[in-house]
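So this first bit is one chain, no partners, the form predicted alone, shown in structure tokens.
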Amino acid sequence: MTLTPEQQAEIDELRSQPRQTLRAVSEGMEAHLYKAVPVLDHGFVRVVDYMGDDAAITQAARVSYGRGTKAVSNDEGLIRYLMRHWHSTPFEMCELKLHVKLPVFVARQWIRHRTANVNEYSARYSILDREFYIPEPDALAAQSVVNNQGRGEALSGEEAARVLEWLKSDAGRAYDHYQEMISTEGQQGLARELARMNLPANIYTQWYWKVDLHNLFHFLRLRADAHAQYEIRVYAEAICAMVKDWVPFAYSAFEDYRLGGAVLSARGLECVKRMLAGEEVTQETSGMSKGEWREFSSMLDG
């Protein structure tokens, strides 16, 4: 992980000046404020600001749902009820703002979640640092033979060494040319907004990313999943650790019903009922396609 001296100085200054406040405070998240958590080889995630806590969720729910929630006797039970029944609005009362340093190709996956506010480092105005994501050898994997979006077994031996060398040399050469194109020594120099197009997708960028808790949970459900691409999953896992300390009741419910839970189709539910009744159900008698049956069976096998 690399923080610039200016960024580190800003973090140190902010952490050295605690302030009293009347707003809702999460002690768990206070411990994360301004601390940069390393991710991948040069990346990080740090909490810049947050709003709300578990109590903000239940407060909003009791206002909007009124008497309908009075059967739920405590905040944790209410939050679990809201999560279980997909009542999303109360979770939108909490917000999180992160500063993230990540490879460009990860950022392009991440930005598909269009429910956040984003401000990215501009290579039109500034010169990008010479920092590239180079995978660890065990993260160099072949294309999966069963999943067009996934990885298979890790490369090994000469092939792995050759790929790593290409990644390093290609990135270095592209950056050398980038520097030469924008140089002003003895030449006019190409505009930064044009020179950047020659940079590889594994160069690092940075952004501020602000999102409410409901949409953050949706992001984490997809990106912290074991099937997500490794390079974005490690960021999601780092954020999960922060959210767990920030809103422990909400995160516990999310972990139970979303991360660790499963949604059955009507056909899937009918198959489970038939199995519980002692019937042997196969793909041919299930009414499911081969792909659906494979996923259904995998879910049951755990």
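As the structure is a computational prediction, the values presented were derived from the model and not from experiment. Residue numbers run from 1 along the displayed sequence.
The form predicted in complex with a further copy of the same chain exists for this protein as well; it is not shown, and the discussion that follows is about that form.
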_Glu284 within 4.5 Å of a further copy of the same chain in the predicted complex, heavy atoms_ = no
_Using a 4.5 angstroms cut-off on non-hydrogen atoms, would Val63 count as touching a further copy of the same chain in the predicted complex?_
yes
*Contact flag, Tyr251 vs a further copy of the same chain in the predicted complex, heavy atom cut 4.5 Å*: no
*asked:* Whether Ala161 contacts a further copy of the same chain in the predicted complex should be assessed with a 4.5 Å heavy atom distance threshold; does it?
replied: no
*Sequence-ordered residues of 18 to 32 touching a further copy of the same chain in the predicted complex, heavy atom within 4.5 Å*: Pro18, Arg19, Gln20, Thr21, Leu22, Arg23, Ala24, Val25, Glu27, Glu30
